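Quick setup: one chain, the form predicted alone, written in structure tokens, and binding and motion questions come after.
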Amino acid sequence: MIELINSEQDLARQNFPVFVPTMGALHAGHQSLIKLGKSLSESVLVSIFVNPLQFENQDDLAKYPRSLEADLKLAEAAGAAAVFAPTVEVIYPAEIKKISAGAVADLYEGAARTGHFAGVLTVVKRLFDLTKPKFAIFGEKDFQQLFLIKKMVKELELPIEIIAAPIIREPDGLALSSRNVRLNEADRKAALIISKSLQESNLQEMHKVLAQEPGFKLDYLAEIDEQTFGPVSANTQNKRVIIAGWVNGVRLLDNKSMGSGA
């Protein structure tokens, strides 16, 4: 039976070398992170906490799926040793001092969601302080988030290795996301245009594919340098295409490595 931990005191009595932070509504993508963690240690801790600081839209926060009982079963099936499911009061017991996410946080996802990444970094740092892991695992689907967390860990000289896990997709190509449950059948069909566009070799062709689906509203499609999150240049070693948009009010993200070289 998987252990459920709610308090800071109970958490402090144990040692979990591997940490997988989540906001719940677990799916096979989260399970892949836990399984990756199991390759590093038998003691994998999963956190479930819907962080209010990273939602600029309170309606979006209210609608975020919460399914603790089902999440516990999925975490246990993937091999997690315990789940840390704190209240807001445990995570933020006093006045909140947000961590600055820097200039990159104002681009792409940050441009669309003011203050989002400051909220993400603030809760991740707090969770790291509580859990004290050797390894923390994050998915590549939220690539800008992954970049900023790595940057924070480096700048603050935290003794934690950040492990990046590949995107897990449905058989039809749709990137797994907790938000997918909000897509009806027609929405889901429209959403497939995202992964379809990423099969092309350049941005121009991707835009052409996306234009074929009126049910998808593009926010951004860009090619970035993975090391800087800036534009691709002659010095770029690894480049990646990132994309975000809406299907019937549901925001969806995806990305794809485009290999090395500018």
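Every value quoted in this text rests on a predicted model; they were computed, and no experiment measured them. The first residue of the shown sequence is 1; numbering continues from there.
Form predicted together with pantoate: not shown, discussed below.
K.L.:
Looking at Tyr108, Phe138, Phe84, Phe147 here, can you tell me which has any non-hydrogen atom within 4.5 angstroms of pantoate in the predicted complex?
P.N.:
If I apply the 4.5 Å criterion carefully, the residue I get is Phe138.
K.L.:
Which residue, Ala165, Leu72, Ala175, Val123, is the contact with pantoate in the predicted complex, using a 4.5 Å heavy atom cutoff?
P.N.:
It is Val123.
K.L.:
I need the one stretch from 232-240, 211-219, 34-42, 47-55 whose residues put non-hydrogen atoms within 4.5 angstroms of pantoate in the predicted complex.
P.N.:
Of the stretches listed, the one contacting the partner is 47-55.
K.L.:
In the predicted complex, does Gly245 have a heavy atom within 4.5 Å of pantoate?
P.N.:
The answer is no: Gly245 has no heavy atom within 4.5 Å of pantoate.
K.L.:
Spell out, yes or no, whether the shortest heavy atom distance between Glu170 and pantoate in the predicted complex is within 4.5 Å.
P.N.:
Contact check for Glu170: no, nothing within 4.5 Å of pantoate in the predicted complex.
K.L.:
I'd like to check something about Met23: if you look in the predicted complex, is any of its heavy atoms closer than or equal to 4.5 Å to a heavy atom of pantoate?
P.N.:
So Met23 counts as contacting pantoate.
K.L.:
Should Asp142 be classed as touching pantoate in the predicted complex when contacts are defined as heavy atoms within 4.5 Å?
P.N.:
Yes, Asp142 is a contact residue.
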